[in-house]
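The form predicted on its own is given below as one chain in structure tokens.
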């Protein structure tokens, strides 16, 4: 195993209740014209909105709301047009991962004359970028501290990830108290998304022992704190731990020298939310146990056993395969009993299995996914069918 890797995260993090004191000064670094991107109009009823207005009182604040869950390329095009018309200097994304991902694609699209979808598909390069400042109000995606994004095209029913090193937010303001009013459903979905980010990388070996132990700590903290905040939404320490663990999940910190495709389950779920527009974390909660069950075999079982002992607190008295089964059942209990999430895709608007072959083809990128267990298109169809 080589231990060589490159790691750099340029995002300035302001964490805690007092972090917004720095918002105005951070935005002023880039100019006078700010575009506020957000999802629900409910933002206007929250103290956070008043804080934003106060911090930007000597700036020109423009707004674009209505960013969808699973953000759409058409909304990005609207935002990019507004940036050109108003000569926007900096983007301020307030909301969950969808709003921040919308801002990330708007950043280069503001300098592109065509459809932003060209930038996602590689038809045109990303060349110039607007700076992005974020205020995450839901914990889970980690997009407040990474250079990844994902966007949906409702015309083609495609959901495509994108990446560019210039898409790291310049600053993110992470105040756990802003997540107090997030519903139990969205809280659970976000935490499961973050947990899955770590789990899928954790199973990719080889990796440095230091990375593995860090991931175990982050996963253990998420699983420990999730029931706490579901029972007591205003638990600041629990919310803070989930938010901070989520932020690190995709920053590259734990990736190390791993090879292959670490996010196979994510790729499978992306097709579900692309075709049926369901919440990403919910899709992961439904698919992940079936994915883990399909991938459990004599060769992969020791990884499950390590997860069971070091993260789930299981006693190492069973065989590795039996430990693997216990891990899956523990996660099922958390997702479906503790969190109360639906257990089947059919309960979330997935009308049938007819689209599964095409979804599997796209998830596998027309070939085979090579991860800790290789998955063919037929394998992915089996996982989706079991989840249905």
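Quick caveat, the model's predicted, so the values are computed rather than measured. Positions refer to the first chain, counted from 1.
If you look for the form predicted together with another copy of the chain, you will not find it shown, but the lines that follow are about it.
Colleague: Only one of 132 to 140, 87 to 95, 117 to 125, 241 to 249 gets a heavy atom within 4.5 Å of another copy of the chain in the predicted complex; which is it?
Modeller: It is the stretch 241 to 249.
Colleague: Name the residue from 294, 185, 236, 111 that puts a heavy atom within 4.5 Å of another copy of the chain in the predicted complex.
Modeller: For this set of options, the contacting one is 236.
Colleague: Of these, 275, 164, 266, 211, which has a heavy atom no more than 4.5 Å from another copy of the chain in the predicted complex?
Modeller: Exactly one listed residue reaches within 4.5 Å, namely 211.
Colleague: Does at least one non-hydrogen atom of residue 14 fall within 4.5 angstroms of another copy of the chain in the predicted complex?
Modeller: Yes - in the predicted complex, heavy atoms of residue 14 and another copy of the chain come within 4.5 Å of each other.
Colleague: I'd like to know if residue 218 sits close to another copy of the chain in the predicted complex, meaning any non-hydrogen atom pair within 4.5 angstroms.
Modeller: Taking the distances in the predicted complex, the answer for residue 218 is yes, it comes within 4.5 Å of another copy of the chain.
Colleague: Taking another copy of the chain as it sits in the predicted complex, is residue 180 in contact with it (heavy atom to heavy atom, 4.5 Å or less)?
Modeller: No, residue 180 sits far enough from another copy of the chain in the predicted complex that none of its heavy atoms falls within 4.5 Å.
Colleague: Within 4.5 Å, heavy atoms only: does residue 21 come near another copy of the chain in the predicted complex?
Modeller: So residue 21 counts as contacting another copy of the chain.
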